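This document starts with one chain, in the form predicted on its own, laid out as structure tokens.
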Amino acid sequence: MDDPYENTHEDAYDVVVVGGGPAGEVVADRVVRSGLTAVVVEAEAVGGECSYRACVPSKALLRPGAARAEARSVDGARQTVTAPLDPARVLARRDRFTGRGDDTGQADWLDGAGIALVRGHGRLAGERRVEVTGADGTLRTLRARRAVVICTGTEPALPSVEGIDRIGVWTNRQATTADAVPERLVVIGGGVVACETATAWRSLGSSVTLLVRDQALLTGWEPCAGEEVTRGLSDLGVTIRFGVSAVRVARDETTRTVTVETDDGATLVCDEVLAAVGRRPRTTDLGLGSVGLPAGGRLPVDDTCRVTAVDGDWLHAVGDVNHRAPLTHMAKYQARACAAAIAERAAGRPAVTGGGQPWSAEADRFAVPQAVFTRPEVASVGLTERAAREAGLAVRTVEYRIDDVAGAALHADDYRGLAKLVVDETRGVVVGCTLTGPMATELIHTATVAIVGEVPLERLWHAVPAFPTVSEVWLRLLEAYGL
């Protein structure tokens, strides 16, 4: 195909990636490995939200409390663990993982992988063009010979609460990077971020109150997940107020405390307020109008992550910005598929989807694993029972107490956990699984493999778990099913 821009003097690459988070890094690396050239445009830190202000620091904050709880769950070890966590050391350990936002290592990795880096804010400027505004105001234009890939992710959404924009409200960014433990923390929300943050800061000594608009935590999951996390947070000493919303917040300029008024007439006083009510795509200032797209919304894509509302196969959107499966590991999965599709088309082949090809990110429609590092942990993959029934499947469910497995009893004296399978009776395969309890986040991958591989239950019966491990719950589930 003739290139109408061949004689221009713009910087040209085969692929221009806007956004240097996990999705952007992976797609750039993969296209370079395929023999194409790539540049990453990033306005903040290479590595993105996950590396510095979300997944990595939150898990670093959560792990010490979990490790302490694990030691105290075994008689003989329990007696040796008498001191509380050391907040200063926990925060210092977190900073070792994040480098306090220093992206030198990740920028060096891009260079070593043969990927160019342009620092600045990238905006589309028409077909296959990206304009980058540097921190000093200089403007640079990049041209993509093959593809532009949008990997700008999402940003926190704030609730409709009077005064929320005037108190210095916490979002996930402040909640994972704070240098001191707030004495009192009010969390608005009942989802994953709210539950994990409440767990982390309560473990470090903060008095935490959750304001949950709904009547349960983790709505959208199997009910048992929210129930177990509710129990775990309550056992930690977190106050949970269901069916309650904040309506007004104000910070005292002298004491710096925050007053939170709720719709049931109550008033809370705290030191910080965390808003954890969801996220919105970062597409407002992305130049979408230059290619006929509205600003501010998500970018719908097909299984190759090609933006379906734009003609041709040059514009792609990977990760949270397309809202197919807004999780870091799924963003990386999409990035691998997207890069393979770009390489396939560059070789003159059509990248047809639908048969499990490496350029088809189809699993994010039916096998998305999720892991929540609360205490207890909860994890899921695939469909809930409700979603499976709404999809018209002939559903049968099986539940088993994980604490009845010998390996679980050996793992912890007070082990408590539940496993639930959702089975498509017509095909005889697992289509959903939810686990609660210690190690749930590690156990879930077995279910992911079973769902993606569409392994018949009769065949899965021959995958014998080692004794005595917690994984023996799989044998018990199949026995409960009747095999």
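Start at 1 with the first residue shown and count on from there. Predicted, not measured: the structure shown is a model, and the values here were computed from it.
Beyond the structure shown, there is the form predicted together with a small molecule, which is absent from this document and is the topic of what follows.
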Checking 238, 343, 286, 315 against the small molecule in the predicted bound form, the residue with a non-hydrogen atom inside 4.5 angstroms turns out to be 286
As a check of understanding, the residue in 209, 262, 259, 154 with any heavy atom within 4.5 Å of the small molecule in the predicted bound form should be identified as 154
- request: With heavy atoms only and a cut-off of 4.5 Å, decide whether residue 229 touches the small molecule in the predicted bound form.
  value: no
- Counting only non-hydrogen atoms and a 4.5 angstroms cut-off, does residue 172 reach the small molecule in the predicted bound form? yes
**Prompt:** Does the small molecule get within 4.5 angstroms of any non-hydrogen atom of residue 29 in the predicted bound form?
**Reply:** no
| field | the small molecule contact in the predicted bound form: residue 409, any heavy atom under 4.5 Å | value | no
Among 38-46, 66-74, 418-426, 449-457, the stretch whose residues bring a heavy atom within 4.5 Å of the small molecule in the predicted bound form is 38-46
